[in-house]
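Given next, in C-alpha cells, is a single chain: the form predicted on its own.
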C-alpha cells in the first residue's frame, strides 16, 4: 500500500522526491520521509502526517544533499503512524525504505539485538536496515543480496549507503518500477509518479535486484546473473494521471468510462461471426472439456466475480464458484477447472497468494487485470487486459466497469468455443454491447439530476442498496462506494433477502436504492420497504411504466439487455455516492485508512 520513490542524477533531489511522492498519495499513507545523501552522511527527514508538512521541514533545513535520495509514504501495518515508525529507517550509514511484510521479523530482530543492534521503531522494516548494515563491507548490492536471503515475506526496497555511489533496489511480491532518464534514473512503486520525467520504464520482476547510477541501470535475476533491462514505453500522456479540470480523480475517471469501455472491446469483437477474439492460451478442445470456472478476487473485483457467477452459466454453460481471495483455501481444485483471478492492479497480495495456491493444483490460471507487466501476469498461464488506462482515485470506477465488460467478452468466447452459444445469440449480445459506451454517455449526461437527488439524501446516516440477479453485485458495489468515499454505513442485499432479517433496520426515511432495470420481483421488495417508511430511489429502464407508482424517486436509464444494464446502473451508483460524498466535503480521492493497491495480506 505504501509508496516508494528514489532518484539519482544531476537534478535537485529534494524537489524530485517530493514531487514523485505526491504523485503516489492516492495509494494511501499516514506518514512520510526522505533520506538524501549529503557528503559522507545521509540526512533523514520523516514525520507522521502529510507530505506538505514534511517538505516544509526539509526546506527549513536548507535543502541539504547531493543528487541521490530515497523517499517513502507509509500506511501503518506493524506499528502505529508515528515519526519514529515512519520510513526511511537508518542503521549506521545505511538507509532503507520498504513496502511489504517481513514475516520472520521477530526472529531476525532477536538475532540482531543479540549482535548489538538497537531498534528504535515498532516496524518490521527496521530489521532490513540493520541486516543490510550487518552484511555491508563496501559492496552495497552484495549486502542487500545477503540480507534478502535471510528474509521471509514480501518486499520492495530502495537502499542508500553514505559511502556508496549507487541506489540499490529489489522486489518480491510488491511492485517496483524503474524510470530511465538522461543522466538520471528514477524509482517508484507505480508509473504515475514517473510520468513527468520519463516514459521509458522497467518493471522489476520477483527476485530481481538492480543497481542504479545516473548513467546506468544493472539488473540481476534471482540467480545473480546480469540480464538486459526489459524496457517498456508508456503511451499515456501525463494528463492521464492528472485531474484534467475535474474536481476529483474519481469524477474524471467516472466520465472516462465510455472511452475505457471502447478500449476494452477494441479489436476483440466480431459482430458478424457472433464471436470474441481473446488470447486465452487455451485451444477449443480444452475449453470444451472445462467443467467449471473458479473466480478469485477481493473488494470491487470480487463484485465483478459475482456478476460473472450469474452471467457465465447462462452464456457459456459453465457453473461458477466465486471466492474471496483472502479466504481461499482450496488446495485441491477439481481437474478441468479454469481459475480466474481478477485484480485491477495485478499486485493485490491476497489474490496473488490465492493464485499461487491454485497453481499447485495443476489447473489453468487466467488473470483479468489492467496493468501490463504486473506480478499476476508472470504467475498465470494467460491474461486478459482490461486496457482502461491508469486509475488514480482509490475507489474503483472505470476499472470495475471494464472488468464487467471483460467478463461478458470472456463468457461469449467460452460459450462459442463450447458450442453452447450459437452465432446468432452471440451476434445479438455483441451488437448491443457495441452500443454500451454510447449508453454510458447518456447516463453521464444525466449527472445533474443524479447530483440533485444525491444531495437531497446526503444527510442520511444509513443506506441500503438492493438488486436481483445481475444487479445484486451492483447493489454490493453501490454500498461499498458509499462506505469508501462518503463514510456512511451502507448495506447491499439481494432483494429477496430483506425479509430474512434486514427489514428490521428499515425505519422512516431510510434511503433504499433499488436497482430495478429488469424483472418484476424487485417491485415486491420495493413495496416491502416502502411499507416500513423507507424512501426508495429506483434505478429503472425508460420503458418501465409502473415504477413511478411505487418509488419515491426514479432515475431513468436507457433500455438494454439485463446484463448490460448492470454497467449502466454501476455508473449511476458511482455518481450517486460521489455527489453524496462531495456534498459532505469528504476527501474523495484519498479516503481514510484505504489505499489503491493492497500489496500486503
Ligand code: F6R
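Computed from a predicted model, the values in this text were never measured in an experiment. Positions refer to the first chain, counted from 1.
What follows is about the form predicted in complex with the named molecule, which we do not show.
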Report whether the minimum heavy atom distance between residue 300 and the named molecule in the predicted bound form is within 4.5 Å. yes
Should residue 517 be classed as touching the named molecule in the predicted bound form when contacts are defined as heavy atoms within 4.5 Å? no
Is residue 345 part of the interface with the named molecule in the predicted bound form - any heavy atom within 4.5 Å? yes
4.5 angstroms heavy atom contact with the named molecule in the predicted bound form for residue 484: yes
Quick one: find which of 476 to 484, 214 to 222, 285 to 293, 356 to 364 has residues within 4.5 Å of the named molecule in the predicted bound form by heavy atom distance. 476 to 484
Sole residue of 439, 394, 417, 503 within 4.5 Å of the named molecule in the predicted bound form, by heavy atom: 394
